[in-house]
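For this one, two forms of the same chain are given in structure tokens, first as structure 1 and then as structure 2.
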Structure 1
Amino acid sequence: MAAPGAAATDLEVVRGKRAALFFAAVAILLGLPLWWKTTETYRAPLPYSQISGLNALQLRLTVPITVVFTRESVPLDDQEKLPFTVVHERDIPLKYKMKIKCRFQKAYRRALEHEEEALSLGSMQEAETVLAEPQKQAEGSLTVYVISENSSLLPQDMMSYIGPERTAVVRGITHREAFNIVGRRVIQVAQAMSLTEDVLAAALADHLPEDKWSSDKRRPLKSSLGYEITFSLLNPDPKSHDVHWDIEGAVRRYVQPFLSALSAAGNFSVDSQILYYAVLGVNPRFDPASSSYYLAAHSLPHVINPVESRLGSSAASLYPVLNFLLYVPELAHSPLYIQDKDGAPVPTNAFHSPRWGGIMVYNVDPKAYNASELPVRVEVDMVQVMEVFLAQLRLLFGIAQPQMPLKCLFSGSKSEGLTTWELDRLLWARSVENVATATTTLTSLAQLLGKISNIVIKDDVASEVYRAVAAVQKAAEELASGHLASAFIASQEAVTSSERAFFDPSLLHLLYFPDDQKFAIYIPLFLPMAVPILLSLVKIFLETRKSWKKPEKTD
């Protein structure tokens, strides 16, 4: 009776073990993957390695220069060697993770017939108009004409000339080392007209460490797809001054030509407003010596904030706004002058704040008060005002006054107030800045996504990231091959795509999903289920070990 009973019990024990193992197997093979799959956050694959590769990207900025030699510019035997190409490359030393190299690719060639004719004309202006006609030069490229050593085209003491378009003229030399000397002069001129460290450093101001370029360099406006320019006339005292300004005419005459010259760099919209009873936040000091009021340089930063609340935000677009304020001081505080750091009055009576705009104080002619009773009708002299505002606009965009090499004649700007090569220079700077911004955005996005595993990455976010990476690479390629216009467009696309990916609201959906809440939901089910399985497994394991040890003992 006992033997079959024990056998039956053994059979039961084995069946129980099998059942427990089967439970464990189902839980592990079916339950775990099911749970994993259903609670997984969707994360589309991203090009992480390419993004980290962008950081080590080498930007090679190629400036294609055509150097044209006229008949008597260099010795004859040298002329026999033409045409050929010389590449002059150098590093731009910036404390930035991206290596930036500047590459002047000089294609030497002989002058064509019509160019010879044009350069033998009497004056530079005539020569320029003739030369400009036949072909249009590509953005970013330069043409340098080398004329004979004793040509009368330039004044005798001048060695070179920089025109308003993409052309320059350099005096040649009859010397054994003619090509080297001329080459050096060409590089000098080309640097003045295209890429300099200052321009690139200013463009990368946000990405560089603070020490070198922070306080003394004026930070130009950040690159954007468009800009809004608002001219505001502040009249704090409409009881005394009835101020009129012909802003429509001034914008049409002075601002629009400048902006249409700049239109390659972005879209611009212009509007104006008149604000009454808008006062500056600082009380001007009285100067008894000149019986006038003044604003000291250190108080200027406090001027802007109170005024800004009245300016009104731009409701219609997301582009950065540039404010230009014309302030007509109240009767009690006029005339009002702005003092610089040394206490001397600023001749333009204006100041500007980087990335914000400019303020000009316009004093009413004191003679006007004698003639009539209040309010005095004031007609603003728009030429004087627009001169200041346009100069400030140039500074805000980071178009500094060009630094000319020694013995170089500069033709001056065109009527729009901007030379073509200044625009090119702006586009170089903007392209580099855009590439840097897009790279930074992509890198921090990749870092963020790597760090927080709860973030959902949707397919459209991933495709924006891919597009941004491709655009950055395309921009770098186009810069290297010297196609400035397409490089600028690609860099803008890179910034737009990378920002769209970075600020996509879908990234935030599951961000606040803390682990303790997850556990609070899982534990009531998982704990009672897991404990018996684990205990059975432990028991089975112990028994198996015991049964393994037993045979050893009997042996």
Structure 2
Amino acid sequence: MAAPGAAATDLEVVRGKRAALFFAAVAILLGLPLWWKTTETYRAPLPYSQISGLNALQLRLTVPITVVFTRESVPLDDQEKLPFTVVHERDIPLKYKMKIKCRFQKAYRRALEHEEEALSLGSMQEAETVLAEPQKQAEGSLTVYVISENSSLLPQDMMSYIGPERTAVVRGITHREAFNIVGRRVIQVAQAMSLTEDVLAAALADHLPEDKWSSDKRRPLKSSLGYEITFSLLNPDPKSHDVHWDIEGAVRRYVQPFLSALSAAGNFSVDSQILYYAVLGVNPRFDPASSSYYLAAHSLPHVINPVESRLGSSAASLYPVLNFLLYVPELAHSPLYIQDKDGAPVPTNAFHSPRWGGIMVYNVDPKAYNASELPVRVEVDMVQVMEVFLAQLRLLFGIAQPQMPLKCLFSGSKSEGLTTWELDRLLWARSVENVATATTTLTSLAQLLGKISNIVIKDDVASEVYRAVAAVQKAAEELASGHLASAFIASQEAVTSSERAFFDPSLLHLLYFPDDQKFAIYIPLFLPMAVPILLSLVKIFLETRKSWKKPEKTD
């Protein structure tokens, strides 16, 4: 009778072992892979090797120069060698990880008939008008005309001329080394019209160590897709001054043409406002000798912060905001003058702050107080004001006065306040700045994602990274080919895509979710299930091991 009971018990034991092995197999073969797959951090692949290679990228900035020789500009034997091409390349000595070279590609040729006729006219203005009609030069390119040594087109004491367009004129020479001498003169003119160390150093100010190249005075505005310009009239004493300014007409006549010429560098929006009872944050000091008040140079930085709180917050703006303030001092502090570091009055009675804007103090004529009762009607001379504000706007964008070669005649800016080659030079600087910014952003993003392995990398973030890398490479190729317009567009795309990837909100989801928190969450879930399975497996292992060691019975 005991045999059936023992058999049933053995059968239950076998079933229990099989059930334990089944549960263990399901947990190990199905549960663990499923849990691992469903809890892993999705990380789309990124081009880490290409990003690291961007730091070793060598920028070669090619400036195409067409050198046109007129008759009798060089000896006849040299003219028979035309046309040919000469390349002049030099390193830009900046303390930056990315090597930058400037490459002047000079294509020598003879002058055409209409060019000979234009350069034989009586003045440069007439010659430029004729030369500009049949041709449209590409962005970043230059044309230099070589005239005879005795030509009356330039004053006799001048060796070269730089116009408002992408053209220049240099004197030739009847010398056996004519091509070498003229070539050096062409390079001097081309450097003044295109790329210099100062221009590139100012553009890379945020990426260079603090030295002579990156002082605060030479920090231009960062490259952006757009800018907002605000003109503000500050009237702290409306009881004494009834100030009127034709800001709409001044913007239309003076500012809008300048911004239209600068439109290739970004989009611009202009607004204005009048603020009453807005005083400066610094009390002016009285000068008994001149019976006037003054603001010392060391106190000017303290003027901006109190006034800025009244201007309206720029936090909601997507683009950098430029503030231009016209301050009419109150009657108790009139007249008010700004002094420089040496204590001398500033001729414009204005100052500017890099990447912020400028402030101009507009004093009321003292005779106006004797002629009428208070408040005195004040009509602002907008020509004087806009002349100062446009000069400050040029400085804020890093458009400084060019350093002309010796004995070089400069025609001056166009009516818009900006020459065509100054715009090209700004685009050169912005393209290099955008490439450097995109490279730094991509490198920082790659280092961050490499250190923290549990950050989710979505497909759209990866696509932005790939797009940014491709745009940086394209911008470098276009710069090397001398295609400035397409290089600038590619560099803007590189900055936009790299920053869109870096600031994507999905990168912060698992940024602060370390491994110890994972164990704290999953151990209470899996431990109650895992303990019985592990104990059953241990028991089965021990029983199996014991049965192997049990000696067999022999009859």
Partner chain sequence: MAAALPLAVLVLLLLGLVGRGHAEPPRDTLREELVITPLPSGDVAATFQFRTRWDSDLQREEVSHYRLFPKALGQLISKYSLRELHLSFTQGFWRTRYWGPPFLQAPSGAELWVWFQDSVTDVDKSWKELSNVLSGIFCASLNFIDSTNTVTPTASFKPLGLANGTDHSFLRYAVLPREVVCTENLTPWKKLLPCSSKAGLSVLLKADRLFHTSYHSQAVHIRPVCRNARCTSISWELRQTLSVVYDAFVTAQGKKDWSLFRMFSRTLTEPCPLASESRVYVDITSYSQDNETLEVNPPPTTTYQDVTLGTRKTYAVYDLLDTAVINNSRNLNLQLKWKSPPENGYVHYQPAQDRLQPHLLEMLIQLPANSATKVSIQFERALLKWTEYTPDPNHGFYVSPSVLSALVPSVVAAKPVDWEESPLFKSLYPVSDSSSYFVRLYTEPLLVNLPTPDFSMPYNVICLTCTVVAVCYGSFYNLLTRTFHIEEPSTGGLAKRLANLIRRARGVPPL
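Not measured: the values here are computed from a predicted model. Structure 1 provides the reference sequence; residues are numbered from 1 along it. Here the rigid core means the biggest group of C-alpha atoms that line up within 1.5 Å when the two forms are laid on top of each other.
Chemist: Which of these two, 1 or 2, is the form predicted on its own?
Modeler: Here the form predicted on its own corresponds to structure 2.
Chemist: Does superposing the core leave P45 with a CA shift of 2 Å or more between structures 1 and 2?
Modeler: Superposed on the core, P45 moves its C-alpha less than 2 Å between structures 1 and 2.
Chemist: Superposing on the rigid core, do we see a C-alpha displacement of 2 Å or more at F502 between structures 1 and 2?
Modeler: No: F502 shifts by under 2 Å between structures 1 and 2.
Chemist: Determine whether the C-alpha of A56 shifts by 2 Å or more between structures 1 and 2 once the rigid core is superposed.
Modeler: The answer is no; the displacement is under 2 Å.
Chemist: P524: how far does its C-alpha move between structures 1 and 2, core aligned, in angstrom?
Modeler: For P524, the alpha-carbon shift amounts to 3.8 Å.
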